[in-house]
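Only one chain is given next, in structure tokens, and it is the form predicted on its own.
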Amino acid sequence: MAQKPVQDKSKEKEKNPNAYEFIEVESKIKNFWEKEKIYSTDISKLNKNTYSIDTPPPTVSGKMHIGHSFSYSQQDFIARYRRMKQGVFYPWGTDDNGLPTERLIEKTKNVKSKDMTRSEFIKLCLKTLKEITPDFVEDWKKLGISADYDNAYSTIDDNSRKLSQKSFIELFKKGLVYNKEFPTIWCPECQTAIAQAELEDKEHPSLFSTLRFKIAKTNDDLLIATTRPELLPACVAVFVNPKDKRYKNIVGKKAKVPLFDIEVPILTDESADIEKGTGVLMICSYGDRFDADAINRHKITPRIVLNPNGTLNQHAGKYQGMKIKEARKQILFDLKEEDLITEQKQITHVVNVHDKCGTEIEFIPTKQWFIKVLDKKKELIKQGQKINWHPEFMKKRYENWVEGLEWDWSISRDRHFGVSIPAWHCEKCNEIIIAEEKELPIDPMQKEKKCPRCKSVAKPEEKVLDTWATSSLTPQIASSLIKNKITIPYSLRPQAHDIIRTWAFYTITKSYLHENKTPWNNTMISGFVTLGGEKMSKSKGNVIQPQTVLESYGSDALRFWAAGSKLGEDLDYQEKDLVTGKKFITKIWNATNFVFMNLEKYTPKKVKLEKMDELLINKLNSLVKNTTEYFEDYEYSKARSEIEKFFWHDFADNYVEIVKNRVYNSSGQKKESAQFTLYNSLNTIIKLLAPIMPFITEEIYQKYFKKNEKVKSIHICEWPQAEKTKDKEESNKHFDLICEILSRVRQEKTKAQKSMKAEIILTLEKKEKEAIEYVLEDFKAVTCSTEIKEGKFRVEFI
């Protein structure tokens, strides 16, 4: 989708020298925050009341995308609110030891990690990360994310590596980590083992072909349907259901595999579905997890035909060396030539793909490291139930994931770049040697170890830890930055819903296995950004770049848009929402400048309030109370809506207009009351709005309020407190009625095509007339009424 071009501000500025220049302001304010270290953590002030946030470390794999700007804005709303309420620990981190980073380096440097030595590739990765990370982080700073960038970590830095390796060693010593060879979920493209959590379901078109197997000796047909003909040379058995009378006489015999000189046993197994296809099941090593389970259950010797790079090996005969899809196509052609296909139909079915590259996964026997989780499902569900989920229904996604686990957590990866697994293997006596804690962080490839039993040199582990094995320790890594002044459970974990199965689950798992604690008290889950109802993706070409949005509309407008949806809900990107946000910013700026034109040399002081001012202050107290409650419940969208409505309707459109005459033409207590109310209500409004729109609120604060407030930044001011007032509900109804009457008068003037300054005689119902008696002077001035009578509503022009 084409991006909106950056707007030329020079002409606008020529027309209005007082126009709000968001590009200039946001750059200036960002520099101010950095210079004054507004968001830096003062370790001496951390205490049990500090609100701690386990901040998501974004993956260094390019630039910030629109989903980042959406979800990070939402967590920042809460961080900024809490900073004004009680103080926060909001550390920054980057996740840069994972496969996405490795693939980024390969792409940008035009290299393949497998073609380089491990030390060479690691050196290149670290050098590249040093070059690109500052620009990468700058996007978050421009967005106004108020994290402590001075207290930052990288998941590949020495401290993170040390803590990750320490976690591995502790779990190994507890007997919770094991090393085993068996069919592993494997990505042929990335050439590494992956975990269940890294699988995605994708619909793929395929040919469902019914093939002629032969029963040995009788040479009778045995029809078997499959979508994976390339696994024919891996066929090790044929299953029929023990209740299937059609095949009762062939059980125990052998079946000949078409095209290949292979005979396999015909066995009974209930996994063969009588109703599916021909009711006969081809068992291969390995088509899927069920094949692996069946082969293990029946103690069948496997025949592996797939290489780690997705090619067929010597067991495939003339198809050796072909890629999977190439072999599939050629084998189907040869089967057809030999009249070995009885039926063929096009189907669409769901297959598992690797979420990092979209490649269909395979099952290949490899030796990998695992953390035991399958025997702890009940405990892990209980841990999840101790956490407050926002929104609540997201907890069910976590529980469903845990209940659906089929494998232990695979934590090793066959890659170059990552946190090394601190282990060595003695090939003579099969001993595993683990590093000592004082040696961490350590690369086994750079350190020789001898077996404690036979004294022979042990083989260093070449695999690295999965990035989630380190990212699952982000609370502990962040705590180490502040000398563990804050430890788990943290107050909050914000994240997107697509990584509940990974980041949330793995962090809960590690905290439970290490400390038997939950990692946080609360978690807030954000949704996705869509375009036209569809999730954005580069492959679809429906991507909006937040950098372009920031240039065209500014950070505050983008954050205003991000505050437009509830937690957990997807939000469709629509430019009109950015336009609305920009209009709101302009209105705030103009209204503020207008107010302070009439507050020159004003010094805030307590005064006796006029009735109209008292009504506005009471309404403002309700706003403070409601907004506070919304932020406490993580309902920032309701907070935004309420603040926006109050500012536009109650404050700018009505109250300011109502007291304008008193500010211009009165003196003494009447004028001072209006000035006090204008100053304090505006001060409160911008503080309430500061978490959502931090740049304009900071600019207004610095220009007009700082000299009296004496606090360096609005974002470290105290959060407004709602004053207790009597008859608040009646007072608010009174204020709303006055505004409603004023609105009707304006409508009548507009309908009559009269100026708002046109003088009138106004007739009101008895209750309405009584309502304005307390504010009669202000009301007559704003409506230009020379007389107010009692009766049916009517506007007479003089």
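Numbers follow the displayed sequence, beginning with 1. Here the rigid core means the biggest group of C-alpha atoms that line up within 1.5 Å when the two forms are laid on top of each other. Model, not experiment: these values are computed from the prediction.
FYI, the form predicted together with the RNA isn't displayed, but the following is about it.
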- Name the residue from 660, 253, 449, 323 that puts a heavy atom within 4.5 Å of the RNA in the model of the complex. 660
- Note on the structure: None of 426, 266, 84, 351 but one has a heavy atom within 4.5 Å of the RNA in the model of the complex; the exception is 351
- Query: Hey, of 704 to 712, 330 to 338, 603 to 611, 572 to 580, which bit sits against the RNA in the model of the complex at 4.5 Å between non-hydrogen atoms?
  - Reply: 572 to 580
- Message: Check for me whether the RNA, as it appears in the model of the complex, comes within 4.5 angstroms of all of 135, 154 and 313 - heavy atoms only.
- Response: no
- Could you tell me if residue 756 has a non-hydrogen atom within 4.5 Å of the RNA in the model of the complex? yes
- Task: Please run the contact check for residue 484 against the RNA in the model of the complex: heavy atoms, 4.5 angstroms, yes or no?
- Result: no
- Look up in the model of the complex whether residue 393 has a non-hydrogen atom within 4.5 angstroms of the RNA, and give yes or no. yes
- Consider residue 47 of the chain shown here, and say whether it contacts the RNA in the model of the complex, taking contact as heavy atoms within 4.5 Å. no
- Task: Counting only non-hydrogen atoms and a 4.5 Å cut-off, give the residues of 285 to 323 close to the RNA in the model of the complex.
- Result: 288, 289, 290
- Query: Honestly, after the rigid core fit, is residue 761 moving at least 2 Å at Cα between the shown form and the other one?
  - Reply: no
- Taking the rigid core as the superposition reference, indicate whether the CA of residue 750 shifts 2 angstroms or more between the shown form and the other one. yes
